[in-house]
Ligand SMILES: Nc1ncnc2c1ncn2[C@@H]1O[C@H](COP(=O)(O)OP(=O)(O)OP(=O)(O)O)[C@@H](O)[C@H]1O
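Take a look at this single chain in structure tokens; it is the form predicted on its own.
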């Protein structure tokens, strides 16, 4: 069995008096592709932010590569930088497309190689826009720039929050092919939040259904989509409205 990359134990996340997340136990393996699915407000994006150490759990402990992370114990910066997220609404600097892709390398104090930046932009189909101001991009183009910025730093873990929400079918296929290749050939651990059941089927080796801040069901994709155990999971997979 592949060595665990993350271990979550007794995790809760509260905002004021409202509890958003309650994860009793979760293990994520190295090199796997895990899809988090469920209705809006289920806690998927909050879990993703915890996995990228952007927020601390209210209670409980997260272990990443054997190192603990909690409200009282920050994770060392070199470990945090092995993980990156592409958000549904990415933040881009008011600079050129190329400068945005270079930013992650500069932030990490790494040498910026023009060839690597151009290769990342070519992968996402935006090399022709390298010197265009980022503020002029469409929402879908901005998402692809954010993915290129993640690709160029070669993270161990890539977290994706609805990465194709603003893209047309051709670019959805492009992005899915890129992240699948990263997972299969480079061994990048992929954790994907998506409302698209078909996308989860295509990309994930395991899938988790989240509802009301909890994981209702977690299993290999074949079992999850073809023979779910929980009736709420079954209803969601069938396309029914689950709240």
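These figures come from a predicted structure and were not determined experimentally. Residue numbers count along the first chain shown, from 1.
One more form of this protein, predicted together with the named molecule, exists but is not displayed; see below.
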Any non-hydrogen atom of residue 40 within 4.5 angstroms of the named molecule in the predicted bound form: yes
4.5 angstroms heavy atom contact with the named molecule in the predicted bound form for residue 229: no
Non-hydrogen atom contact residue 186 with the named molecule in the predicted bound form at 4.5 angstroms: no
Contact of residue 20 with the named molecule in the predicted bound form (heavy atom, 4.5 Å): yes
Stretch in contact, per heavy atom within 4.5 angstroms of the named molecule in the predicted bound form, of 27-35, 175-183, 44-52, 198-206: 44-52
